[in-house]
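So this first bit is one chain, no partners, the form predicted alone, shown in C-alpha cells.
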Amino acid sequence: MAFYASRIIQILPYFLKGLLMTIEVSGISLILSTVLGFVLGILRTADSKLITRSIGVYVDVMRGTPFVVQVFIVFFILPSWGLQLEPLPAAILALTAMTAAFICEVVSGGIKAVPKGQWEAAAASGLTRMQQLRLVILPQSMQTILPPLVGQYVLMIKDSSVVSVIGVTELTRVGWQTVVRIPEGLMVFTLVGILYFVICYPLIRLSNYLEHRLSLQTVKL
C-alpha cells in the first residue's frame, strides 16, 4: 500500500493535468451551453407553436437518451456525414448540446413562473417584447433560474467523465490509465473522486446559498 501511495504521489502531476483538461472541457461547454440554453429557453416561451414544438423535440431527445450515446454519435457518426471532429471538440460539442437542453428547460420554467400581469404591465408601458424580457421578465425570473442552473453546472462537470470513452485525457481517463500501471483501484479512484469534489464543491455551496436566499425572499414576500 505504501509503495502504491508513493507511486501515485510521483504521478500526481499527471492527475493535475487531467484535472485541468476536465476544467477546460467543462468551462468551455459551460459558457456555450449557457448561451445556447438561454436562447432556446427564451424561444420556447414564444407564441409560435412551430418553434416551441421544434425545441421541445430537441430537448426531449437530448434528455431522453444516454449521454454516452450522444458522445458516440458526435464522434463516430457525424464523420460519415462529413463532419470530422477531434476528441476535444467532439467532447465540447456533445457536452454543450446535452447541457443546453437542460438549461433550456430551467430558463423556460423560470420565465413561465413570472406572473402574467408582469408581461401585461411591461406591454402597457410601451416596451417591445425584447425589452420586456430584458428589463422586466428576466431579472425577476433569475431568482427561480439561478439555483437549478448552478446545480446543472455541477452535473455537467460530473458528466464530463463520460468523454473519456473517445480518448479525451481528462480526469477519469487518467484514473483508468493509472490503474493499468498501479493495480490499486480504490486508491486511484479515491483520488479521482477527491479532485472532482474539489471543483464541484464550490458550485454545490453556491447552489445551496442561492436556494437559501431564494427561500428567504419568498418568505418575506
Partner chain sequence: MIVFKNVHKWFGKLHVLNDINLHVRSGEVVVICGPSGSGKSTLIRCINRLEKFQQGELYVDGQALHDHSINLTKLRADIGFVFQQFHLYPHMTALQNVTLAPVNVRKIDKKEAVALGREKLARVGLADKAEAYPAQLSGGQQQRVAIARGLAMNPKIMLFDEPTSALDPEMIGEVLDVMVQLAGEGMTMCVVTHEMGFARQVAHRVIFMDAGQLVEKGAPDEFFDHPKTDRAAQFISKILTH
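Values in this document were obtained by computation on a predicted structure and should not be read as measured data. Numbering follows the first chain given and starts at 1.
Only in words, not in the display: the form predicted together with its partner chain, which the text now covers.
Since only the chain is shown here, I'm wondering whether residue 93 would be in contact with its partner chain in the predicted bound form (any heavy atom pair within 4.5 Å).
Judged by the heavy-atom cut-off of 4.5 Å, residue 93 is well away from its partner chain in the predicted bound form.
Going by a heavy atom distance of 4.5 Å, is residue 126 a contact of its partner chain in the predicted bound form?
Residue 126 belongs to the contact set for its partner chain.
Can you work out whether residue 86 and its partner chain are in contact in the predicted bound form, taking contact to mean some heavy atom pair no more than 4.5 Å apart?
Outside the cut-off, so no.
In the predicted bound form, is there a heavy atom of its partner chain that lies within 4.5 Å of any heavy atom of residue 144, even though the partner is absent here?
Contact check for residue 144: no, nothing within 4.5 Å of its partner chain in the predicted bound form.
Would you check whether its partner chain, in the predicted bound form, lies within 4.5 angstroms of a non-hydrogen atom from each of 120, 131 and 139?
Per the other structure, all of 120, 131 and 139 touch its partner chain.
Since the chain is shown here on its own, which stretch among 74 to 82, 131 to 139, 97 to 105, 146 to 154 would lie within 4.5 Å of its partner chain in the predicted bound form, judged by heavy atoms?
Looking at the partner contacts, the answer comes out as 131 to 139.
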